[in-house]
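The chain below stands alone and is given as structure tokens, in the form predicted alone.
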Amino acid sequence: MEVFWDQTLRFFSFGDPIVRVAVAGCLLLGLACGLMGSFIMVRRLSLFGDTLSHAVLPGVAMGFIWNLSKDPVAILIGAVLAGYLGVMLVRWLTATTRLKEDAAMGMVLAGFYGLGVCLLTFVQRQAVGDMAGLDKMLFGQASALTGTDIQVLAVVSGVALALVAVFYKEFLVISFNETFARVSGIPVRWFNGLFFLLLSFAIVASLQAVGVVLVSAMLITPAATAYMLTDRMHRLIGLACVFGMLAGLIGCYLSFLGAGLPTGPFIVLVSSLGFIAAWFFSPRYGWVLEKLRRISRRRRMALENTLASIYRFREGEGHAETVALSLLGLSRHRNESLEEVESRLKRLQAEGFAKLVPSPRTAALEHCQVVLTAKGARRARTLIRNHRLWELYLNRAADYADDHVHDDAELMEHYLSEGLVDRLDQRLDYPRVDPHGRTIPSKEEARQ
């Protein structure tokens, strides 16, 4: 434990030059990948990003062979050219053969990656030049980053950020509707070329930290996490950049805790855990909260169905208040257990929709009389109005048979807004009876 705290203090004090370089590299990596990954996500080019990340590997090896040293600039140029060649090859195969885009990307990914591994293996067996960190290109190692690598990453991230800021409107339109962009006079081919060039730069600059195998995960996962939290593009980009940088920082810290731990897998793991958290707990799209909302909706519908049942019972008795409706009677009327009805009536009572009046003859709870409050009666009339208008609409407009409209109306009565109900009422010429001959409460009656 003492070693753990010593390592943690050493890392977050940023006194070690290696730590400073590694952290700076991982933060810049997260920024670049989050920025470009946001556009990949909305353009549905996730597999394209994976193809491009693998296609740059031969260029990495050729950049080293160029001057027999690990020159970041030479490697950057070689990798970008290889990546761009991969993109053009995918487009050429798609345009000139019967292959679909996914098949073409799969072929280019496998072919370029295999060539890159062969070239790297050949280079590493030669006793030439400075090869420090070249073997980390597959899985990444932030500690192998140099000051020159950080400068390259900073330039790439800065250029990408500046160009996206300047041409944000054009990138946005192309990402969501290329046809509209062409009609609007935007040079789509030019901007697509610029986009893939920036993407290639971001991938190449990130190789040293996360490696060829995992860089595509850093392009997709932070953006996917942000996608679970917002529907606005500018917020998605901002969140993706923040999540990417956080994953880079935390992944770098975790790999620093033990000797020989790779940085790339830890960064991707942290990013994946962030996505899982968003998937479960996102306020709008989270699985857990959506599950809770569904449970709440089912409970609300059950309560409202009980209100409607009480109203229908009173309606069948001519709304005579002298006719008692006990808990036991309501249970039989709804064909439900006494425990279920009792539980719902207690909730309705707590919300002010109903009252339970003790029976004068017995103290037994099941013989208590159920009485709607004024609030409960208004809500019940509204539900009945929604239900019967929807039944009539299905019968007239959708040609549903009289005996087939109830189930759909039973569901829709809980979701119809007041404005939509008013439009239905107007379209149906303010009807007074439903397909079964029962009275439809008017808008004024529903509000009484």
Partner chain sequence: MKPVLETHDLTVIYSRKPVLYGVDLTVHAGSIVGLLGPNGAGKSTFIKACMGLIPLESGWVELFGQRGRKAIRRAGYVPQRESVDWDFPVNALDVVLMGRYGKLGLFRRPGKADREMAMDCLRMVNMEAYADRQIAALSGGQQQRIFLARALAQETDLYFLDEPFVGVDAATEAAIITILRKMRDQGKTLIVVHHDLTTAAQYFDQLVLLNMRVIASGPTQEVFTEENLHRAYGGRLTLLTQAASERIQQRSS
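Positions refer to the first chain, counted from 1. Computed from a predicted model, the values in this text were never measured in an experiment.
The form predicted together with its partner chain exists for this protein as well; it is not shown, and the discussion that follows is about that form.
Stretch-level contact analysis of 86 to 94, 108 to 116, 331 to 339, 182 to 190 against its partner chain in the predicted bound form, using heavy atoms and a 4.5 Å limit, identifies 182 to 190. Among A377, L236, I220, L76, the residue placing a heavy atom within 4.5 Å of its partner chain in the predicted bound form is L236. Only one of T362, Q124, N177, S296 comes within 4.5 Å of its partner chain in the predicted bound form through a heavy atom, and that residue is N177. The closest heavy atom approach of V42 to its partner chain in the predicted bound form falls within 4.5 Å. Using a 4.5 Å cutoff between non-hydrogen atoms, E170 counts as a contact of its partner chain in the predicted bound form. Though the partner is left out of this view, V357 does not reach within 4.5 Å of its partner chain in the predicted bound form, counting heavy atoms only. Within 4.5 Å of any heavy atom of its partner chain in the predicted bound form lies no heavy atom of F256. Residues of 219 to 246 placing a heavy atom within 4.5 Å of its partner chain in the predicted bound form, in sequence order: Y227, D231, R232, M233, L236.
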